[in-house]
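Before any questions on how it binds or moves, here is one chain, the form predicted alone, in structure tokens.
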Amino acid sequence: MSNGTVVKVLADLESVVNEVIAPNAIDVDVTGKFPRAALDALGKAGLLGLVSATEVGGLGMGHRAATLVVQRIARECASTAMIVAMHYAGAAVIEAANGPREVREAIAAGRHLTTLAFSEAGSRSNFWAPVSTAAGSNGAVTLNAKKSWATSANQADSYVWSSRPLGGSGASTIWLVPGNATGLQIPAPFNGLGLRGNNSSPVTATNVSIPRTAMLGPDGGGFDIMMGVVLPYFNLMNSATSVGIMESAVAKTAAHVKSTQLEHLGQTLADLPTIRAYIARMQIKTDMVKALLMDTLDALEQNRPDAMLRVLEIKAASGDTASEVTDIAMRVCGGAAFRKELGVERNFRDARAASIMAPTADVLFDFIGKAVCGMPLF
């Protein structure tokens, strides 16, 4: 993948961001409305097929392009960014497992939105060890599950779904489940603190019947898919969302202090050294995470020995740092930060919603500590 190709993708993205995503960002947050117009525009621009193979009409790109696309979207609408991130993660699994040709072609053409359905209340952040079940009979498979969250729930055309194995010895098996499968239910619509437009809701499966051919990868092979395919994509793109949120918060805070007059002093807030120091801290923290994100991409592309360590580090670092940066933004902007028109309080909420997606920082810290100490992760 050449730098010129990435530049072309980002140029195509810029028009979608400016014409569709940014103008609708406030409405998506205030109403919690799923950003269907943004997804349609991304599909028409070929960007939903970013990680789909060229043989099925996709762009055939990988981690770097997906990360940069999600980061740019997140600066305007983190809800849309997270939907796209989960779509890319699911599409990467479908490609890696050589899923159904018609689904792969539909994703490449921008006609099919997919997502992950891994999180369960019974396993919490240990998403690689689901408690949901799959039972086989006469060539069909019956799924039963209580998924705690799935982004794009009731909007996705398919779920990349985890369950216990049919008969394999591994921790999990991955399935491609149609979004309209009989027996799928959304117990409650999403009404949360941040990322309000991403339709992240619980999904239950009651005797959902799918063909055995819906299996993605080998029975019991879900762990390898989760760690080898999903985790790098997800951690990179979740971190890219946090970086985009931080970039947005820095820009909004700087604009606010430059335009806020202190009439009794004949100055603006930006003329105060203490205020500038806070903004400097925000910028430094943002740049530190961006540097680690770029190094993680380099590590993966160069197959460096520390690649998986970086993949673990980047999500832990970005989630915590985004919370710090948006905390500072709220402090610097004061009372204005609590009004929705400034947009800083949305960054504050979205940063926290993005940071608690599994694997959480606490789980990642444990993994990182084990890695540094030379201990097995699992």
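Keep in mind that this is a model prediction, so the values were computed, not measured. In this text, residue numbers run from 1 along the sequence as written.
Here the subject shifts to the form predicted in complex with a small molecule, a form of this protein not shown in this document.
Checked against the small molecule in the model of the complex, the candidates Thr286, Gln155, Ser200, Ser132 yield a single residue with a heavy atom inside 4.5 Å, and that residue is Ser200. With the partner removed from view, the residue among Ile356, Ile368, Leu10, Ala22 that has a non-hydrogen atom within 4.5 Å of the small molecule in the model of the complex turns out to be Ile356. Residue heavy atoms within 4.5 Å of the small molecule in the model of the complex occur in exactly one stretch of 110-118, 67-75, 180-188, 275-283, and that stretch is 110-118. Each of Met86, Trp149 and Val363 is positioned with at least one heavy atom within 4.5 Å of the small molecule in the model of the complex. Interface membership of Ile174, defined by any non-hydrogen atom within 4.5 Å of the small molecule in the model of the complex, is ruled out. Though the partner is left out of this view, Ala91 does not reach within 4.5 Å of the small molecule in the model of the complex, counting heavy atoms only. When the small molecule is considered in the model of the complex, Thr142 lies well away from it, no heavy atom lying within 4.5 Å. Using a 4.5 Å cutoff between non-hydrogen atoms, Ala81 does not count as a contact of the small molecule in the model of the complex.
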